[in-house]
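Have a look below at one chain only, the form predicted on its own, in structure tokens format.
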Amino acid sequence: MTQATDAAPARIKDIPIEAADLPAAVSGIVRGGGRMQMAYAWYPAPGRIQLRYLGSRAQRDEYFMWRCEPRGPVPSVAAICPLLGWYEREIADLFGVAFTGHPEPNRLVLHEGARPWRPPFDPAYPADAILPFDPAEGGLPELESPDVQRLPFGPVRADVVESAEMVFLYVGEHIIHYHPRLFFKHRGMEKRFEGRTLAAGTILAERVSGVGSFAHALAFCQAVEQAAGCVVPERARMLRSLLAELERLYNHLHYLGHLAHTTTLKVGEAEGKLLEERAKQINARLTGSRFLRGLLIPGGLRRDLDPRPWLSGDLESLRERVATYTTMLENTNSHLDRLITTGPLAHDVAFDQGATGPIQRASGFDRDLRRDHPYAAYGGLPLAVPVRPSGDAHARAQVRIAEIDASIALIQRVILLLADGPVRAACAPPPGSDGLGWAESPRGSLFYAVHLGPDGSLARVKIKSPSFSNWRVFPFTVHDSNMMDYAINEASFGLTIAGCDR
């Protein structure tokens, strides 16, 4: 399924479903080899809640969207499709929908102690109301043995690190149970889209997660373009793919430097972050923004870019330095000893819990939205999708190393094929329309579902971010591991808390 081709973007199949039929329907998708992607709620009208479930029946099949309007409690499908568990809890917190039979019925977004006088996404909830809150501890297993120690770490942590509390139950160095408490800095980003114009929505999307600015804005714009049936000009599609790969480059280079930091490979850390800086300088020279902001708009790009003749040479120089750097990493025994067999993520756990991006590909899944559901210009570009089977920290690093080389090769191909032409088309979705956009961000699959109100402004924007998925998966690699490997394991996932909390 292609989001932007020579024809208008294809519509997503919108299928009504009764709440009572959800367990059987989800079970059928899972048993048939399909995959659910996310679930969310919104208010089509005051007092009328609608649930939406996104999935596909096979890896490269078109997406479908189930539409459900519950008249009471909804049967949970988390036991059938665990990755939907967090989405149900999020909906329960923010919309007040009750899910019966949920295996993890405790709060997710709203911490214990939050006392909203009505669900925060209720249209009657005042936008400027402060949420009443009394600090309280989160739910954890009761300690039955005096040998088991409890270590709450955070939410304020050392270094420039986002806020989260990591609770460890351990004996000696052995971690028995691990519970991350996130959403300390939940910013209500989805709520902030309500009532905004499409242009303002693009700017807001760029600020959901700083290191994924371009991917977020791209997914948002493509959702709007699908709602409008807008055909993005070819040159704009090509440049979008080029810019998306530049974002992948600096993210992966930062990842390698930070991973070296956790294995105490100081020279490796310094070189990785220097190469990240070189990649950001290329971004700034091409666009004026190190984080590739201010370029996208529904319909294409705000302005044209000229990557010739210098970009190809700069990328080749960067590629040579990266190749030397990654070869040294892969031949440094002290580094590899800390990565190999650390934090293994089993293939079936990765699928059931919703792992995405380099995390799932390092556990043996050959999945990538750029190839499986092409968008921008990816449908006409050669794309290597590296996969590793072992699922450990080393495999996660190897996938990113291979993706760096693949990204540079893809950018060079775009430069070679780039033709003159316009970079923007008119894009005016009709009031009341909706659309779905997606992108394979550096951390994995990213989706935006956009609903427009009767006045043409944004009525609801749902963000499915890769870190929301991968933070759910991560604890499965920490249980039954050891304290000395924890920082390395977390770094190997390349998680962001801002992308998860939103």
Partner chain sequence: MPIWTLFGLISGKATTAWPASADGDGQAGFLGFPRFDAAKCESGCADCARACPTEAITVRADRAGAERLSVDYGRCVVCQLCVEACPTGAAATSADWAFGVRERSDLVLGAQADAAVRPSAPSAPRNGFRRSLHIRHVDAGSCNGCESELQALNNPFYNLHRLGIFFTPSPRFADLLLVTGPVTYAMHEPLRRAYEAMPEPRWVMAFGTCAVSGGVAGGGYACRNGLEGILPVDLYLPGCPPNPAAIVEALLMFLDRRQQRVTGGRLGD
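This is a predicted model, so every value here is computed, not measured. Numbering follows the first chain given and starts at 1.
The same protein also exists as the form predicted in complex with its partner chain; that form is not shown, yet it is the one meant from here on.
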item	value
Three-residue site E277, R302 and N333 fully in contact with its partner chain in the predicted complex at 4.5 Å by heavy atom	yes
V208 within 4.5 Å of its partner chain in the predicted complex, heavy atoms	yes
Non-hydrogen atom contact A419 with its partner chain in the predicted complex at 4.5 angstroms	no
D159, heavy atom within 4.5 angstroms of its partner chain in the predicted complex	yes
Non-hydrogen atom contact R150 with its partner chain in the predicted complex at 4.5 angstroms	no
Segment assignment from 397-405, 199-207, 342-350, 428-436: heavy atom within 4.5 Å of its partner chain in the predicted complex	199-207
Residue among L381, A92, L265, C230 with a heavy atom within 4.5 Å of its partner chain in the predicted complex	L265
Its partner chain: the contacting residue among K273, H179, H102, H261 in the predicted complex [heavy atom, 4.5 Å]	K273
Stretch 321-346 - residues with a heavy atom within 4.5 Å of its partner chain in the predicted complex	R321, T324, Y325, M328, L329, N331, T332, N333
